[in-house]
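The chain below stands alone, shown as structure tokens; this is the form predicted on its own.
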Amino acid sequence: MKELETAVVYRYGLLTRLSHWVWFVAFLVLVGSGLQIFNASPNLDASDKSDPARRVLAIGSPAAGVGTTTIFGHTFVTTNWLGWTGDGMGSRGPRAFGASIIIPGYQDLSGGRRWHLFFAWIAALCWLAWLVSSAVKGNLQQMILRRSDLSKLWPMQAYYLKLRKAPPPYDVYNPLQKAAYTTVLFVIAPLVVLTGLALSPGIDAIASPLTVAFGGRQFARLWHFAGMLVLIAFFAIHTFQVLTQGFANQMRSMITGWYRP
């Protein structure tokens, strides 16, 4: 028992672990409910109002049985993936995202908004709890990317890709982790929260300058959607790193707090 205790370290506190997993669940619901909301108007415009001439993204069905996705004027057939998708009851129809990835699974704009708003507050509180906990423990400063870390970014990525035998020297968090945490915690997460508030009719009524600051509701919608894509990419990279650095050990540390160095 004594040997086991010296072989592992207590890496994550209870508040850190709880906020991590609750935030993860909340984020999944936010993505699903957000896509439900997006289905009601499946396009994004770089404009202060709806403007087909400045359309960045459009997902639709030009004909029965055909789904298309148009990005910056380039159209791709995405039948059964985007544009013409499943309704969750064995049939398919003209909707941007299918029932398997939206919340609720059936078309329900008001329901999607309720799910989105409720879990948005949960995600925001988890984000704040995690920031406060990390700051109190002194971990937050260790997670911020510094100028001295920039030269280590590619060597660290090369190590993850198995192109390098050993990682560059680092302390608690490696350079890629610092870059990801710095970007997500202090740029993307605030952007998603603020654009979400700008899209809320209630907030817009009492704080319209916030909506104006993002270029109007359509621009805020564009930034909100882009922020979601960046967060999804972050999760994909984070999962890849966990898989390549000892999945069982990493998962144990985030569930129990104990990590084997």
Partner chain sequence: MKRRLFIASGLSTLAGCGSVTAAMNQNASVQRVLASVERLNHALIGTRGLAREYDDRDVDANFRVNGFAAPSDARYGELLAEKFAGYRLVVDGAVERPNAFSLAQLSTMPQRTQITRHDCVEGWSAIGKWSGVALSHLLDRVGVRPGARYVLFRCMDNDGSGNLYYESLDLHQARHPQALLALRLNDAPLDPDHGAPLRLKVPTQLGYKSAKWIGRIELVGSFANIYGGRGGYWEDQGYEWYAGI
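Treat the numbers as computed from the prediction; the structure is a model and nothing was measured. Positions refer to the first chain, counted from 1.
There is another form of this protein, the form predicted together with its partner chain, and it is not shown here; the text below is about that form.
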item	value
Stretch in contact, per heavy atom within 4.5 angstroms of its partner chain in the predicted bound form, of 143-151, 163-171, 111-119, 71-79	111-119
Whether Ile59, Thr182 and Leu191 all lie within 4.5 angstroms of its partner chain in the predicted bound form by heavy atom	no
Trp21: touches its partner chain in the predicted bound form, heavy atom cutoff 4.5 angstroms	no
Interface membership of Phe186, its partner chain in the predicted bound form, 4.5 Å heavy atom rule	no
Heavy atom of Ala158 within 4.5 Å of its partner chain in the predicted bound form	no
4.5 angstroms heavy atom contact with its partner chain in the predicted bound form for Gly105	yes
Residues in 203-218 with any heavy atom within 4.5 Å of its partner chain in the predicted bound form	Ile203, Asp204, Ala205, Ile206, Ser208, Thr211, Val212, Arg217, Gln218
